[in-house]
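The chain that follows stands alone, in the form predicted alone, written as structure tokens.
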């Protein structure tokens, strides 16, 4: 745990791990993962070294959208267990020093939710105004359609209500009406309910869309920010140390606004950065990464970006130019089935053609650029995907624990699994699984563990350090210096498929010694002349810079 004065900034030094309870581990043999199963696998997560688990929605739901269509905010889906099972799981995580945050879908509910069922049946019901209704489908025409592959309008006619209702996502997910104070009060109560049961915060889903106003695009409205400021005040007062993480898939200016004046979200996802990491390695050019990081900084000192390579959704390409989107589709989604809406539904390893060096390079970038890294379950072992499953289920297949039946995920009949396991020869669970990789010192899993340990050892300089780019070098190289107080970390990446020779002006550190942190290997001291070294394809170095006559202090966090 951090020192006392930094206790409530734990998220700035954390490594997060995203997982769906449904696909993680089945404890009772019904083919579906559950909270008891997650509790049983908590030792794996502790051994991996993650600091915080992010749970995908586990509330009661008809599961038309994998739980993002909630039918009861105050319950756990029966397939996953009970509220007591949830609490036991969180308590087990806390015993191991792991925090837990959960998805909270605030923008919409399932059309099966009792609130909506009551609203549609009676125009005089108080619940009627909990949703957005209209006699026409012509209002709010400036609002874009998000699920372009499935929805033709943000309005759907309800034959019972005899009106149209508003939805920004699937038509089975009517939006709540946040102009109604009762809705805002109810959502505050939902937040209190789960924080009282041990949660350490929420990843708030689809935050830009809570309010609608004619003549706008119905995104990022001032009222949305005001509501989240009220939520922040409440949790700071009643649940200090818990956090709010914004899913705001927006350009940097709009995304940064969700930090407010350090009085709104503690964290926000850095959506613009993620696709540009892939663009940079495909083009062998650092400029996409450097330019976007400059746009996303500075941010308030108590706030942080959540940075990621992949997650449970498609690799979204909304925050890129049309030219960049076309390039990404051409490079990473040659098969049309790999595409969904405005993104690519693939896991990390298949995206990178299972190139181990490239997978390592991207993880190293993730662990060193500004923000807190978020890993997606299974990517640490190089899991594959199944583009032939519907929607985004191809990247939500059962965790591959062992070479046993059903990848060790469940003892159920294979036909009854929540999703089929991966049997593609390149990613088959008999070869790609946590048990086998844990026994192989050179496996991807053990490499990721080692990198998490290094990240933790130097988390202040890597996580919180100021970043300075070296721009007078070969564009195929991404080079930057991270500085925190008197600690310096030099990060050097070859984005190219070919070797690169670099000369860096490090004269300000003349007499200092670069120490490569993965091996503690000491390189020649820095002089007044350019510092020269060569790099093989898709390789990287992290150097801690030790001053002349150093006492051997490593500049780590001292944990």
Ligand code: GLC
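Residue numbers count along the first chain shown, from 1. What you see is a predicted model; the values in this text were computed from it and never measured.
Absent from the display: the form predicted together with the named molecule. The rest refers to it.
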message: Quick check on residue 409: any heavy atom within 4.5 Å of the named molecule in the model of the complex?
response: no
message: With a cut-off of 4.5 Å between heavy atoms, is residue 65 one of the residues that contacts the named molecule in the model of the complex?
response: yes
- prompt: residue 392 near the named molecule in the model of the complex, any heavy atom under 4.5 Å?
  reply: yes
message: Just checking whether residue 247 would be counted as a contact of the named molecule in the model of the complex - the rule being heavy atoms within 4.5 angstroms.
response: yes
task: Choose from 479-487, 448-456, 311-319, 115-123 the stretch whose residues reach within 4.5 Å of the named molecule in the model of the complex, heavy atoms counted.
output: 311-319
statement: Checked 397, 270, 433, 173 for heavy atoms within 4.5 Å of the named molecule in the model of the complex; positive is 173
message: Between 147, 329, 376, 73, only one gets a heavy atom within 4.5 angstroms of the named molecule in the model of the complex; which residue is that?
response: 147
- prompt: Which residues from 105-135 come close to the named molecule in the model of the complex, meaning a heavy atom within 4.5 Å?
  reply: 105, 108
